[in-house]
Structures are given as structure tokens and as C-alpha cells.
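One chain comes next, on its own, written out as C-alpha cells in the form predicted alone.
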Amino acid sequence: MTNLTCLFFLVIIKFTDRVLWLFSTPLAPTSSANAIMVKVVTCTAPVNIAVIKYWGKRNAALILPTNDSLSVTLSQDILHSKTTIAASPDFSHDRLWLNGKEEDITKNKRMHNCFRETRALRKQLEDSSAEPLEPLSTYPVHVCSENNFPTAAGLASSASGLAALVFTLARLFDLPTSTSDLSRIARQGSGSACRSLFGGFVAWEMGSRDDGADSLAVQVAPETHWPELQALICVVDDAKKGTSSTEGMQNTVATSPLLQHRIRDVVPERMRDMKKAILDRDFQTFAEITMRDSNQFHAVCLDTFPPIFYLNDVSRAIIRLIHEYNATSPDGRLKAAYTYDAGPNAVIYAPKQNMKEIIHLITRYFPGADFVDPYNFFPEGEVVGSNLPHTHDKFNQNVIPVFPAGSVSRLLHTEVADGPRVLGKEESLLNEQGLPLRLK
């Protein structure tokens, strides 16, 4: 047996099955049909809804905000983005599928930022490791992501989507990186995505450095801190909004004097008061700041030139109804709080003990909404929407008219919950060839 033959068999014995395959077809072109996926990871990430709003960038390229913000992370059992990422040297190039449709990944600069930053961290890990690591930083990836709720409708889909991407990449690359450090990367994909990397109550600190190194998310309190707090999302319009958040922010920064007052004089005090309210589980303060900040955010949108209109007649009617409902409190304490992001859909925060009454109230004035009862609030036979708040002389039943059926299309009852989750292989969105299981 020649030396060359001996060497060949030694290589065969030493290396993996994947190398055996490479030896058998050294010149054959590769494709996803016969690709050997080195690693596959699937994760979900939650939606977060801000109670102190982020609106405006001091650096658009790095997505550095003009003010701090604070949000509540909602349950992934109700709203989430799911992402599967597979890495293989046999893939020809990076590919991306969003909600069953392939997208040109090269045209998404913000998503590219997330790939660039996480691959750079993986490369550092590979270069510094005492033991050889799989060169995952060099492998093309296939990314498949789905939302279980409408995209670009003002329900924070970009936040959960980019958080899921960054979290899944971090797990794929085995990055020994803290959640706050990961949030810096997620921020470069979508600003509010940095907050979706944590559960519970989360602050995005704007930072002051020009390179954005101190602009990151931190957890104010975990989801276990205030389990009585719940949320009801009223889906008023799930169509893609007419003015994107990115476009709206740019116009507001350029034209709104009110925004400058908000940044300088309003938000710092509200952030301090809101953090204390959360730590004290003080719903009265939490509710008032939440509603005031939502109102001011939309006032800033109106102060933009030309003005931006995210709320519609149904949105404004829900605002009036919540204020009327709060007037029924026998001790004058607030019972519920509304907030609106850049869209018409209402999010109503309230203690668990009030939520059944609120669901009755909303469905009475906005009949026909699809509603699933995840917490078994309504026993069999009880008609949702059949009861108004307890009789109170301050409650005006004619505060708003009963709207046509379907004006609120869905009600999503949820609660404060955890951050991103790693799922099992059975939850993968990709098949064995690294292609989507579901396509449009």
C-alpha cells in the first residue's frame, strides 16, 4: 500500500461523515437539495408595548433614540415572532423568508447589521478558542421567520421579529454575550427590538456616546414582579399603516417643536416616575403616565408638518370609553389605561381583577370582535359583552355610540411575560434541506 493510499484512509477514519461526503463528490456543485445543515436553531421573541414612547432618532444609521423609553413585554403564547436559522457550507448564499415569502436579504440594511455584528462576534470566538470550532461565521444561513399577528400594523412586529433574529443568531453562534450586549445589536435592526430581548418591564437607555455603545436595554423588573397586570389588545385595523414609523420619526424630528419639549422637559421625569411606579406596583401612577405619554406621542405626530394621523374614530372612541370607565371607580382610582403605538390599535393595561369587566365593556360597544378566552374568565353560557360596569351615576352609557360590528376585529387578552425562548427541533420552520415548510 502506497503512502498516499495510507494517508487517504487515515483522513477517512479521522473526519466526520460530512467530510466523507465531500471526498466522494469533490467537484460536484452544491445545492439546498443535498445540503448538510451543520446547525439549526428555532426561537421565539415577544412583542413589547411601550408605556414611555420612543419616537425620533439622533443617529438614524445606528438607530440611536432622542429619548429613553420603557415598555412591557407581553406573552408569547398570544403574540410572537418565530425564527428558524440553519447554517451550512453547502448553501450557496444567505436566504430569508418572511411569513412564507422570500425576501431579498441584500436590500435589508438593518437586518444586514444584525448578521454583520453577530458574525463578527462568532469570528472572534473562533479565533480565540483553544479548541477548533466549526467556522460558522463563514457559512451561509437560511432564515425563516413568521409572525402570528399582522405585520406593520402598529403591533410592534418589527420589534419581535428583529429580536427573534438576533436571539436566534446568538444561539446559533453560541455567543457568550449578555442580553444587554445583544440588545445593542438588535437596536441596529429595529430600535424597539432591543426591549423585546427581556421579559417583564424593560427600559431602553438612550445613551450619550456617538458610537451607540451605551444605548441598550435593561430590565427594570422581571415578569414575576407584577403578575396581576394584564393587557387587552383591541385590533382596530390590521392593515399596513400609511406612514411607516421610520418615515414618521424623520419628519417629526425635522419639523416638530413639541418633540424638543418632550425630549428635554417631559420624558426624563416620566421615566423616573414610571420606574418607581412599576417597582411599587402602583397602578394609579402607572396608568396616568401611560395615558398621558400616549396622548403626547400622538400630539407630537399632529405637531409634525405635515401632520401624521395614526388614530382613527374607533381609536378615539376607545379613549373616551376608558376615561368614562375610570369615572366609575368608587374611590377615584384609575381602573384601566390605554396606550397607542404608531397605529390605531389600542392596548389597554389593567389589573387582572378589572379585565373581565373591561372585556364586557369593549365588546358591548364594539360587537363582533373575535375573542379567545385564554384565561377562562368567562364560564360557559356567559355572553361576552352582556354586562356594563356596575351601576354608577357618573357612567354615561351614551358616551360613545355602539359601533358597527367588526369595528374592532379582534381582542387579544394577554399578560406580562418572559423574554425570548429556544424551541425544540419539532418547532422548526425549515425542512431537512433548509427550505421553508410553508410558502405563500
Ligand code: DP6
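One-based numbering along the sequence shown. From a predicted model like this one, the values you see are computed outputs, not experimental measurements.
FYI, the form predicted in complex with the named molecule isn't displayed, but the following is about it.
- Proximity to the named molecule in the predicted complex, taken as heavy atoms within 4.5 Å, picks out 191-199 from the listed stretches 274-282, 314-322, 191-199, 213-221.
- The named molecule is not drawn, but in the predicted complex it has no heavy atom within 4.5 Å of R410.
- Looking at K39, you'd find every heavy atom of it more than 4.5 angstroms from the named molecule in the predicted complex.
- Taking the partner from elsewhere, A342 is found to have a heavy atom lying within 4.5 Å of the named molecule in the predicted complex.
- Remark: R110 counts among the residues lining the named molecule in the predicted complex, judged by a heavy atom distance of 4.5 Å or less.
- This chain appears without its partner; in the predicted complex, the one residue of Q296, T304, N354, S158 with a heavy atom within 4.5 Å of the named molecule is S158.
- Shown without its partner, this chain lists V347, V141, M249, L74 as candidates; in the predicted complex, only M249 has a non-hydrogen atom within 4.5 angstroms of the named molecule.
- At a distance of at most 4.5 angstroms from the named molecule in the predicted complex, none of the three residues Q230, K335 and Y338 contributes a non-hydrogen atom.
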